[in-house]
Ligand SMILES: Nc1ncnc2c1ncn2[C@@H]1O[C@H](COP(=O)(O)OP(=O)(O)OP(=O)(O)O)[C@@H](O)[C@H]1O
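What follows is a single chain, given as structure tokens, in the form predicted on its own.
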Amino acid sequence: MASIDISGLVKDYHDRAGNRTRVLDGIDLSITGETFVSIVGPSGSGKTTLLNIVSGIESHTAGNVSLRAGDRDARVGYVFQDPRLLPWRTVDQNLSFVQHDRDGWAERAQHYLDLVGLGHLGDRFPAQLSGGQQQRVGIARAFSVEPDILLMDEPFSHLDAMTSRTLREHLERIWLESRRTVMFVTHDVTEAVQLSDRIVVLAPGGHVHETIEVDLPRPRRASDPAVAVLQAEVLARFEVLEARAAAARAEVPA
């Protein structure tokens, strides 16, 4: 069973004059087992910074981050905001490039490409695919390494609404089969409600404002009344948080 354990996490940035900006301020968070957790929050709340620290892309100032799968370090997959496919390699070759375990990789790659509806396009180059298809390849690539933990950084943010909706459905289907431990950063409340078991709301200044449990049956659709009701509730809380942040900024002297 995989787990992400974050305790007392602090991240400071310093400008050239030595002035400090605290982006994350004492984050405590535990994600364990077959669960899908979304991180949401207003701009400046540290969502992407948190994910980058968990992935090892960025260092942290204080605190601890542990990614484990039983008695070993967890294997981690990452889905970026853009697909980051190698343009000189075919779809199949892009999936091959990231494989840790070479045994049976072709079958795994084909399986996950089939799950995102692209099993027939393995010989295509990225330039021959639409933006939505490229992102589907990125999702299949991340799952094909069979990670214990999957980190996702706003993977649908650059896509149109219809394509995003389709990709959310693909992602939910592939997650329901694989049941990886997922940490998903998004600014879209619809995505968070449709995909998550739990929604963690970060506040400006980089601390956990609240955690919302999502106890709705799967698969989910944005048009489902229960999904729409919870989405409205989360949006209302989000708007209160943003209003507080705007009021705090207005009080800061120019």
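The numbering used is simple: start at 1 and walk along the sequence shown. Because the structure is predicted, anything quoted here is derived from the model rather than measured.
Only in words, not in the display: the form predicted together with the ligand, which the text now covers.
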item	value
Heavy atom contact within 4.5 Å of the ligand in the predicted bound form, the stretch among 192 to 200, 36 to 44, 215 to 223, 59 to 67	36 to 44
Joint contact, 5, 32 and 175 to the ligand in the predicted bound form, by non-hydrogen atom at 4.5 Å	no
Candidate from 92, 169, 148, 154 lying within 4.5 Å of the ligand in the predicted bound form - any heavy atom	154
Contact of residue 48 with the ligand in the predicted bound form (heavy atom, 4.5 Å)	yes
Contact test in the predicted bound form: residue 241 vs the ligand, heavy atoms, 4.5 Å	no
In the predicted bound form, residue 23 touching the ligand (heavy atom, 4.5 Å)	yes
